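The form predicted on its own is given below as one chain in structure tokens.
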């Protein structure tokens, strides 16, 4: 006799609809999968749920008070309401309180990947009332002159996403929290500068910040460049990991780089080079035309045809006098992948050797 096994599907009621879920999922994850919009400011899917901002609260039938959906595990038979008049009023009041402490709430999107989250929620819940206007929390670290990360804590809302991503994802524990309540601050050990901390300038704290309090200084330097920001998905050229990035441009100018949160190799992470080393593209010292050395020994500008002919003559001369193994190719980590492919074909097919490497491999 053949026994048929059946797996019971856990069910719960979500906004009047019976839905299935996998044991271990949170109410927030179930709701998100079923396309319910639940706001949050302290949530990042890469991090352990924190439940600090309380924007994601939902009504749970039988519970005395609303529960945080990001930390509440789904249970069979639960009856959840993600939006009610009372819940919307709660969220609006919380957003008004959060916004009241900041110097400003509309910031340049070049500050970071998540920098528009607060402003978006303020508009969604019509929470720009200013009725709680008063003292501002946070103190910007104008003395931190590192070239990569702006520490504009006048915009900080103490969601702790930066602290948590540094610890849980990067493993550096470079930043932490000091004081409590209105005096809470994000800090480094001994309240020092980022250069003197364990920070490796990966930029993950910048990209998870929902208000732009931690911002990309290199990208912000292009804030005045005219034009609309466009994003192009590509692969970081600096090493062999293959991190997915979104290159931000205004017209023909590269103005910043953001990690792809759905990148299969990096999942929102980048190193300091992948995150911040993009300005070489438009550097004033970058050569945009070929140069050749004349008979007088001086370099002069030349056409591409002349430069390529000169290079070909040099390769042929080296092979004729010293053999094919006198040629060795090193591709640049700043060149496109297509250029690296062409380079290895040039060496392997053109000279019949495997003497080809790439500076990214180091």
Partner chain sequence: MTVPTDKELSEHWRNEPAPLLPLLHAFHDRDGYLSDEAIDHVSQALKIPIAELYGTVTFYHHLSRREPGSHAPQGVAAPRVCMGPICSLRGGPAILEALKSEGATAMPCAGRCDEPVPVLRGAEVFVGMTPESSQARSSPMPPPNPDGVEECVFAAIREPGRAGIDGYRKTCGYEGLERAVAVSPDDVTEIISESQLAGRGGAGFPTGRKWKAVAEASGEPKTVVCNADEGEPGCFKDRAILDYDPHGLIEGMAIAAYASGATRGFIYLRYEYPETMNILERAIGEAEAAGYLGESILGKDFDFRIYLRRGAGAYICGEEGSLLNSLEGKHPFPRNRPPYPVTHGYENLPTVVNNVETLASVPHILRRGAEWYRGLGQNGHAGTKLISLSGDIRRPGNYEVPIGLPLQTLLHDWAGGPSDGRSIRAVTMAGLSGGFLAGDDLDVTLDEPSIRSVGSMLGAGGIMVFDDSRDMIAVAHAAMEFFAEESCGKCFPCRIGTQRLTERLAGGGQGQGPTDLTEWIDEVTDIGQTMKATSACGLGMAAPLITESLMRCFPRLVAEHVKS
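Numbering follows the first chain given and starts at 1. Because the structure is a prediction, the values reported are computed rather than measured.
Absent from the display: the form predicted in complex with its partner chain. The rest refers to it.
Novice: Between 193, 177, 272, 265, only one gets a heavy atom within 4.5 angstroms of its partner chain in the predicted complex; which residue is that?
Specialist: Only one option qualifies, and that one is 177.
Novice: Since exactly one of 278, 153, 160, 238 fits, which has a heavy atom within 4.5 Å of its partner chain in the predicted complex?
Specialist: Among 278, 153, 160, 238, a heavy atom within 4.5 Å of its partner chain in the predicted complex occurs only for 160.
Novice: Indicate whether residue 329 is a 4.5 Å heavy atom neighbour of its partner chain in the predicted complex.
Specialist: Judged by the heavy-atom cut-off of 4.5 Å, residue 329 is well away from its partner chain in the predicted complex.
Novice: Although its partner chain is absent from this view, report whether residue 283 comes within 4.5 Å of it in the predicted complex, heavy atoms only.
Specialist: Result no; residue 283 lies far from its partner chain in the predicted complex.
Novice: Is residue 71 one of the residues lying within 4.5 Å of its partner chain in the predicted complex, judged by heavy atom distances?
Specialist: Residue 71: yes, in contact with its partner chain in the predicted complex.
Novice: Would residue 182 show up as a contact with its partner chain in the predicted complex if we use heavy atoms at 4.5 Å?
Specialist: Contact check for residue 182: yes, within 4.5 Å of its partner chain in the predicted complex.
Novice: Its partner chain isn't shown here, but in the predicted complex, which of 297 to 305, 41 to 49, 26 to 34, 321 to 329 has heavy atoms within 4.5 Å of it?
Specialist: Looking at the other structure, the answer is 41 to 49.
Novice: If the criterion is a non-hydrogen atom within 4.5 angstroms, does every one of 219, 231 and 250 touch its partner chain in the predicted complex?
Specialist: Judged in the predicted complex, none of 219, 231 and 250 sits within 4.5 Å of its partner chain.
Novice: Taking its partner chain as it sits in the predicted complex, which residues of 47 to 69 have a non-hydrogen atom within 4.5 Å of it? Please list them.
Specialist: Residues within 4.5 Å: 49, 50, 51, 52, 53, 54, 57, 65, 66.
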